[in-house]
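Considered here are two forms of the same protein chain, supplied as structure tokens in two stand-alone entries, structure 1 and structure 2.
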Structure 1
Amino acid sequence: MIRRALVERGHETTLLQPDLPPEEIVQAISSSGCEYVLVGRTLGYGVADVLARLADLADAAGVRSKVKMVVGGMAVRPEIAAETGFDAGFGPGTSIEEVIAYVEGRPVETSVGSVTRSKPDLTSGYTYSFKNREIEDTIRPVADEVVAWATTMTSPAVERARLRRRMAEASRSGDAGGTASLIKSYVALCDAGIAQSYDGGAVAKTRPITAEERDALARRVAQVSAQGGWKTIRHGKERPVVFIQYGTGCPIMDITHIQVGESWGADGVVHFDPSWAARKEGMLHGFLTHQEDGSLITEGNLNLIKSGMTPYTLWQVRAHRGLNTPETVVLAGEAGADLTKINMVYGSLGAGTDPERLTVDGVEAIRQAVHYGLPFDVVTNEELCGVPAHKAFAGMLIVASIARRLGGRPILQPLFCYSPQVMIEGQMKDNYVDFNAAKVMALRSIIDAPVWPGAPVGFLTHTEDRVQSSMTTALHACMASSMGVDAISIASSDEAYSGGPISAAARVDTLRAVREGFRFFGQAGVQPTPMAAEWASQLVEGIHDVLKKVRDRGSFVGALYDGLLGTREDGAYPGRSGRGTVRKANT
């Protein structure tokens, strides 16, 4: 292959036979007068001895100084080449272009074979029309009730979100006095520990990122961006789009992970924030890092992270669970995010926020998402608590219906997970394919909407073994691809077991594994058994039963407190954060 490429570039070459003794190679060098000797070595056994012997013989024959000696192959590393007297070594993953560039004494042309990328709209082409009319008729009054009720209510988060948007507008117009006045009103709605960050005070658990650190980061981002040479993760299919997650606690480390992900083919990134910040009223100010899981959402941090991304990377900032849900959407929209995440059911039953408060905040968050043109996924993470899939899906569809009522573009996010309920009920006793496939089939039979399994796919099948974790991630990704979904989220191979920030190597593990999986299947795919259709039918029936109970309850918030969308026995507990903070809005 390399010889053919060299000939096509106008080089004169001689292809020697395989398994030639080193003495005959040296003789051929002497007689041909060549400038380069390219040696291929596939097996690793004794490779250093063989290469060293060839280099020594060439030296003894007086031809070593006249030629460049290069070795390549599965067992080759640059270190081995250098130690054995070769000029260069090319190991696994080397492109032909890299070898040709070395022979021609020029930099690698990254435009050759490089990837042309664009930023897809995951909601494009979907009508959001219901295919199941019975479910449509049942869910419509539920969505209407939520919107009508929430419109008459307000909360500190709703008021902060609206102030935040006015602050951004005042700042853009250069109205310094107006901005200062709005900040003062904003701070009055924050917890004391949050408010002091606006006066330059220290914030517990955090450290400011200095101007010198930001300047150094900008230089490194520019350097990495100039290198280019991005890989693609797909093989012959445009979907699914692949997202990775970041949230190391440090925006600078986050950017490093984002760039690693981009270089290995990730299409998008998801911002994880710390759970403790979601329990505070108000959002911090400035450029901040801390040593806990999840990166703080501030205007400064988001703008810093955005500066480290390529223009085609999809960026999601989550806003689905805490006391700052609508304001997070405003910050995400102002920072240029492409997507957000909203689900008041999961946030109420699995993430600790009071159902009444998060319903009011969630409706406002959807309104803000519509204003900024942000699609959002509706994650069903309450399944991880133990809530059965049909209940979680009923909640997801209610939120999606509310969003459509308000002009939003929701994306359905079923979990591809080995959930507690599945372990008890045995739907994955035989395989991991059928029940996950049934989820997609059920949703597709109900509504024409984009589907983005998460979050991340296969995460609960991971172990401390990085190889095993990479493999199960790739298998779940390939199954998702077979089901024709629009996007997937994947974790790194050490995400559950690192005991701290994940490593870049583990990030590459799963990206490479998914890439190889997509390469393996191409246009082929995973075929579920007939059980998938049977379970899909059961899911649809269960979803409808839950929706009817919520409709008959007459109050979505009441249904959340009553356990219609997940009981305490299921593992769902109505949260307490923000309880008692909702009040009638001024009309």
Structure 2
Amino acid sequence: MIRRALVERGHETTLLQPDLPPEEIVQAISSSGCEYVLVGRTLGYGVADVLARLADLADAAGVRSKVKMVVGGMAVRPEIAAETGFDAGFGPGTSIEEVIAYVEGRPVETSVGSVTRSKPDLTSGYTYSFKNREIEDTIRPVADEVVAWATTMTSPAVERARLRRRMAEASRSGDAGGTASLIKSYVALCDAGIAQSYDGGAVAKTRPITAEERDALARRVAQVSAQGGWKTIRHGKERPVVFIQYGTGCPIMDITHIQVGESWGADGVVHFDPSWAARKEGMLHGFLTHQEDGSLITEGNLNLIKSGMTPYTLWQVRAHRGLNTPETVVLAGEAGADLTKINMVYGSLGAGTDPERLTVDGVEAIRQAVHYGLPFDVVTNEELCGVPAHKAFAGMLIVASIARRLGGRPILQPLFCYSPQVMIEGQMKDNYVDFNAAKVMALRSIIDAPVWPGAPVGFLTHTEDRVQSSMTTALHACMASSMGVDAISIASSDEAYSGGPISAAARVDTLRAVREGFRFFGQAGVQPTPMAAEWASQLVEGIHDVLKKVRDRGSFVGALYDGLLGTREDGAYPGRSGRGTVRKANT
């Protein structure tokens, strides 16, 4: 192939027979007067020695100074070329154009295979109009009730979020005195452990990131950015965009993971914070690294992480489960995030926060998201507790309707995995396609809204085997692509079973597997069996039944406590964190 391309470009070439001894190749070089010698070899221990001997013989024969020697093939890298005495080495993925450019003395196009990136809006083009009128009619009074009630209530988180926004505005206007006063009011609304950090107190499990470390990071980020050369993960399709998740505890390590993800085609990244931070009233500040999983959300950390990603990377900062939900949205918006995540139902039933508190906080979070122009996904992770999909979807659609009422741009996030409920009910006994497809089909039949399965796709089909995990993630991603969804979140192949820090290599495994999957299917797709349509119909029916019960209950918060959106038998327990902290707002 390379020879043909060289000839087409007007080069004179001679193809030597395979497996010539180095001595004969040297003689051929000598007698031909050629300028370039291109050797293609699969590398093994002995082969590298043969290549080295060829270069050595050519050198001793006096021809090495007259020719450029190039080696190419599987496992060949520039380091191998340098070591074996060659001028250049081209490994897997090298394009013919790169080799031709080298031979012609033109700059090698290192950006070959890279793409011009842009930042898509996942919600664009969706009308959010209901296609299922019965469900629309049932859900409307529920959303009305929540917005009307929550507007009259407040909580420490609501107050802090508003203070945080004023702090940001004061800081921007250079009002130092005003900022200090606002911080004082803010600290008064925090737990003691958080409050003392504002007075310089140490925080357990954390340490400050030094200015020297931040400077070193900035230099590294500049170096990596200068390299460019991002790959695309998709193959001929604009959707789905692919998110990876990060949250190593250390923002500097997070940036490295983000850059690895960007390099291998990830379109977006999702920030994971430590679960204990969601149980505290108030948020820490400064540049902090955390000893365990989950990277702390602070203004400093978010700004640091933002500085390490390309302008084209979609960035989601989650705010869906704890006592700082609206404030997290403010911090995300101030830091320039593109997306957030809000769901009062999952946070209440699967993540330990009191339903009343999180409903009030969630409504405020949605208002803040609207202020900052942040779309957000409404996750249905409560399915992982055992809540049936139709109940989780009913909750998701209520939150989405509340969001629309407030001018928000919600994204539906059905769980796309082997959940405990389907393990019990057997919907995935035969295959992983039909029930996941049914979820998308059901949602599409109800409302015209963006769909972003996760989080991540294939979760609970993963094992400690990295090949298997990458494979099953890629298959789920391909099915999602086939269903025409807008985005997916994927996990690194060691994420569920790492037993420690997630490795960059495992992240690359999964990204590459997904890329190969997309390449394999292209515009072709996965065809579910007729069972998918049947299950979709059952899901719609179940969703409607749940919504009717919630509507009839007359109180969304009451419905959460009463188990209408997930019972204790389902594994859904109304959370206790923040209970009793909601009060009437001063009007």
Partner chain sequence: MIASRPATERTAQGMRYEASARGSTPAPFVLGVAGTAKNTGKTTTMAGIMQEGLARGWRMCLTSIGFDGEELDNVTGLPKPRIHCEEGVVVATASRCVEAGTAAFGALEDAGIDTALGRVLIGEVRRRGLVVLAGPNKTIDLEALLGRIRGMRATPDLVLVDGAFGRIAPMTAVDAIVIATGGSRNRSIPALARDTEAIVRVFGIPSLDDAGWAGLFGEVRPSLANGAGCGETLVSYKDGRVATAPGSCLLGDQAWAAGGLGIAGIRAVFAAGATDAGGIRSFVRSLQERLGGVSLVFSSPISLMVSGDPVGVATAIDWVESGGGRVWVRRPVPLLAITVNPFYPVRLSSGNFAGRFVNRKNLLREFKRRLGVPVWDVVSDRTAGLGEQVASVLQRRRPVEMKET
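Worth saying up front: this structure is predicted, and the values here are computed from it rather than measured. In this text, the rigid core denotes the largest set of C-alpha atoms whose superposition between the two forms falls within 1.5 Å. The first residue in the sequence of structure 1 is number 1, and each one after it adds one.
Colleague: Tell me which of the two structures is the form predicted in complex with its partner chain, please.
Modeller: Answer is structure 2, the other one does not fit.
Colleague: Any chance the CA of Glu212 moves 2 angstroms or more between the two structures, core superposed?
Modeller: No, the C-alpha moves less than 2 Å.
Colleague: Is there a C-alpha shift of 2 Å or more at Ile25 between the two structures once the rigid core is superposed?
Modeller: Yes, its C-alpha moves 2 Å or more.
Colleague: I want to check Lys66: does it shift between the two structures by 2 Å or more at the Cα, with the core superposed?
Modeller: After core superposition, the C-alpha of Lys66 moves 2 Å or more between the two structures.
Colleague: Rigid-core fit: what Cα movement does Glu83 have between the two structures, in Å to one decimal?
Modeller: Displacement of the alpha carbon, after core fit: 5.9 Å.
Colleague: Please give the CA displacement of Leu51 between the two structures, in Å, after core superposition.
Modeller: C-alpha shift for Leu51: 4.0 Å.
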